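Below: one protein chain in two forms, given as C-alpha cells, structure 1 then structure 2.
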Structure 1
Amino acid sequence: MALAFLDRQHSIAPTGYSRWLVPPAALAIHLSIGQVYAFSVFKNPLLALQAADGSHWNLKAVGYIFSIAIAFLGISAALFGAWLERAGPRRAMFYSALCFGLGFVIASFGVSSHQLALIYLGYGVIGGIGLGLGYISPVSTLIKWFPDRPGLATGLAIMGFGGGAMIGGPLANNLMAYYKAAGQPSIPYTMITMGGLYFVFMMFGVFTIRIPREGWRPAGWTPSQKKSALISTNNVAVGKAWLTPQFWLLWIILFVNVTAGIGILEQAAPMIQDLFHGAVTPTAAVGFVGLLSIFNMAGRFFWASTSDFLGRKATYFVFFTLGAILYFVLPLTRQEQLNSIPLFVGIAVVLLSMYGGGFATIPAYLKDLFGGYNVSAIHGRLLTAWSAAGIIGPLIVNGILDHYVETHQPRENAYPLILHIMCGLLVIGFLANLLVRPVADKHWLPTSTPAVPETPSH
C-alpha cells in the first residue's frame, strides 16, 4: 500500500545506528507543534477583526481557540496512546503533521469569513489532534534509546515543544506584517503559509525517526543495581495504571503545574503591556514571548536531566515550593509598585523553565512508577490533565480579565488576583507530590511481557 513505509517494521534501526540521530527527528515534530505556545501573538489581531455587522470577538471567545487545541491534545493522546505503541512513532508523526498543517488551513477560512466555529474546528479540534499525536510519539521512542538516562531522554523529546514559540511567534508576526504591507488578508494568508511550512518540516521527522531493535542496549551499559523505592523494576499495563492512586496524584501534579504556567504563557504578550503601560511595545512583547519560549525549552532539558540525579519527587518539590513564592511576588513588580520590567521578566522566565520542566519530567516519573512497557499509553492518558488545564487556566485568566473590563476597572488590576490563584494551585501540587508512594505489587505485570504492547483491555 502507498503508506506502507509508515509501518513500524520499516522504522527499526539497523545495526550500528547512532541513537543521537533520533533527537533531531523528535525536535522536528516538537518545534513545529510547539507553535501553539505562540498563539497569544494572534490574539490582539483577531480581537481587532470586524464582522460585516460591525461586531468584534471578545477575549474569552478568542481564548477558547487555544483551550480547545490543548483539550484535544490531551484527548487524542489518551485515545491513541495504546495504538501508537503498536503502530510505531513514524505513522503517528505523519498523521500529526497532516492534522496540524490542515488545522491551520481550515482556521484561515474561519478568519476570512469571520466564523469562530471554523477556527475552533481547524486550529482547535483538528490541529489539537495533531498536537496530541505529535507530542507523545517521540517520548517512548527516546526512552527506549536512552534507558540509562530517562530524564535526559524525555527532556530531549519535549524541549522542542517549549521552544516552538521561539520560532512560531516571530514567524507569525513577520508574516502578518508582510501580507499586510502587500495589501493581502494578513491572518488568513499567514495561517496558510505556516500550515504548509510546518507540514514540510514535520515530514523530516517522519522520514528520519527510528526505533531500536528488540534487545538493544547502549554499549557498555547495564541496569543500575542501586535501589530506590520510587523506581520500579516492574511494569504496569495502562489498563491497571490509570486506576492506581499514583496515576491520579500525578494527574493533579501535572494539572496544577500546567494551569499555573498558562497563567503567564497564554496571556504573555498582552500581560506585560498591561502591567507596564507604554514601556513595552508590541514588538518587545513578541520578544518577551520568544524569551519565555527559550526558557520553557531550556527548562525542559535542564530540569528533566537534573531529575536523573535529584529524583523526580524532589524535582517537583522544587517546582511547587519555589514556584509558589515566585507567583506570589510576580504581581508586585508592576508599574504601580516596584515598576521593574527586568524583575518581572526574570521571575517569569524562571517560572516558565519550571513549567516546561514539569512537562519533561512527568514521563520519567511515570516510567519510574509504572515501568516502560506502556509508558506512551499511560502518558497519553495523563495528558488529559493538560486538556483540563488548557480549559481551566484560560477560563480563569480571560474570565477575570473580561470581568475587570466589563466593570470598567483597569485590566492590570486583575493580574494580582490571577497570579495569586496560580500560587494557591501550586500549594495543592506540593501536597499531591508529598503523597506519591511506590505502586503496589498487585498491579505489576508478569516479568515476561510481549515486545510490542497489545491494546489494553478495559
Structure 2
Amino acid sequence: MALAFLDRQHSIAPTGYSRWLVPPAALAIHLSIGQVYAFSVFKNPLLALQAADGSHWNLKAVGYIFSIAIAFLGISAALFGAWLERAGPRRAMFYSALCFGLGFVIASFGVSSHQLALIYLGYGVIGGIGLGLGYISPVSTLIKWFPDRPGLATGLAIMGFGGGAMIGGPLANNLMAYYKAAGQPSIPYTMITMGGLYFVFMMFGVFTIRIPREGWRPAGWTPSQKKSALISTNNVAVGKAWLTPQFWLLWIILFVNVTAGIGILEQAAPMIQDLFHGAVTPTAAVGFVGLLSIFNMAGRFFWASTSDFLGRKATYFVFFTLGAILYFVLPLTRQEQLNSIPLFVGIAVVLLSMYGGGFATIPAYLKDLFGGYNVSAIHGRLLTAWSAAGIIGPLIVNGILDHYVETHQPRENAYPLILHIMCGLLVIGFLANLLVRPVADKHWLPTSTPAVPETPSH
C-alpha cells in the first residue's frame, strides 16, 4: 500500500528510542497549526483588496474565515478521533500537514480571484480539518510515553498551539512586506509560502513521531501505589465515555473556561484602551495582546505540569476559585476606580495563563478518568466544547458591547458586566468540577482488550 510508512506498525519505536524525541515531534505539529490564532494579521490586507468590479469584503465576512476554521477543528477532532486511535499518530499527522498546507494554497487562489468562498473552503474547511487532526494526534502517544508525567507531556504539546501565533503572526507580516517590496501579490504569495513551510515543518513531526512498544515503561518507573479514586487503572471506550456524566461535566468545565478566556481575548486591545482612556496607545495595546499570548502559552505548560503534583481536580479548583475572584476584581482596576494599568495587566495575564492551563490539563484529566485507551478520541469529542465556546463567547461579548453602543452608553461601562458574567460562568465550572466522580465500573472495558482499538468504537 502506498504511504505504508505512515501505518501504526511502521511507527513503533525501536528499542533504545528516547521518549524525549516525541515532544519535539508533537510541538512541530502544534506550533504550526497554532498559526490559526494569528489569522487576524491577514484581516486588514484582505479588507483592503478590491475585486475587478471595485467591491470590497467586509469585516464580518472576513471574520467568518477564522470561525469556520475553529468550527471544523472541533468537528474533525470529534469525527476522526476514533479513526486516529486505530490509524496511529503518524498517519493522522501526515493528513493534518496535507490539509493545513493545502488549505493555505486553496485560500491563496481565493485571494487572487477575489472569491471568499474559496478562502472559506481552503483555510476554513480543509485547513480546519488539518487543525482538528493535528490538535489531537499526539495526545495519546505522549500520554503513553510519559505515564509518569502525563500533564507535563500534553502541556508541552498544547503549549505549542498557544505559541503558534507568536511565530505565525510575524512570519506572515514579514512575508507580506517582502513580497510587497518585490512587487508581487503579497497575500497569495505569503499564503503559498506559509503552506509550504508549514507542510515541511509538520513533516518533521511526521517522521519523528514513534509509538512505544506494547508493555513499554520508563526505566525505573513503577505505577504509583498511592491510589486516587479519580485516577482509574481501567479503560473506557469512546462510545461509552461520551455517554457518562463525567464526560459532560468535563465538557462544561472546558466550555466555561474557554468562554471566560474569550471574554478577555476577544476584546483585549480595545478593552485596555477603553478602560484607560488616553493612557494606552494602540501600539501598546498590541503589546498587551502579545503579553497575553505569552502567558496563554506559558500557562499551558506551567499548569498542566503542576497538575501532575496537585491533581487535576485541585488544579481546576484553582482555576475556578482564583479565576472567579480575579474576573470580579478586574473591572475595579479601571481608570475611574483604582486606575492601575500594572494591576489590570497583572490580573489579565494570570487569567490568560489559567485559560491556557485549562486547555492543556484536560487531556490528562480525561486520561485519569477514562484511561489511556481511547483518550485521543474522547479528547476529540470534548473539543466540541471549544467550538461551542468560540461561538457563545463572542456572542456574549459583542452582544453586550453592541447594546451599549446602540443605547449610546459609554463602551467602558459594558466591561464590568461582561467580566462579571465570566465570573459567574467560572462559578458554574466550579460546581461542575465539584461533581466529578470516578467513572462507574459498568463502563470499563474488559482487561483483555487489545492495546490498539480494532474496530470503530462508536
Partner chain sequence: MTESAEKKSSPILISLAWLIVILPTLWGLNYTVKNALKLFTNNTPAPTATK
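Basically, rigid core = biggest C-alpha set you can superpose within 1.5 Å across the two forms. For residue numbers, the reference is structure 1: its sequence is counted from 1. This structure is a prediction, so every number in the text was calculated from the model and none was measured.
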query: Correct structure when looking for the form predicted alone; finding: 1
query: Large Cα shift (2 Å or above) at Ile187 between structure 1 and structure 2, core-fitted; finding: no
query: Arg334: Cα shift of 2 Å or greater between structure 1 and structure 2 (core-aligned); finding: yes
query: Core-superposed comparison between structure 1 and structure 2, Met176 Cα displacement 2 Å or beyond; finding: no
query: Core-fitted comparison between structure 1 and structure 2 - CA shift at Val345, Å; finding: 5.0
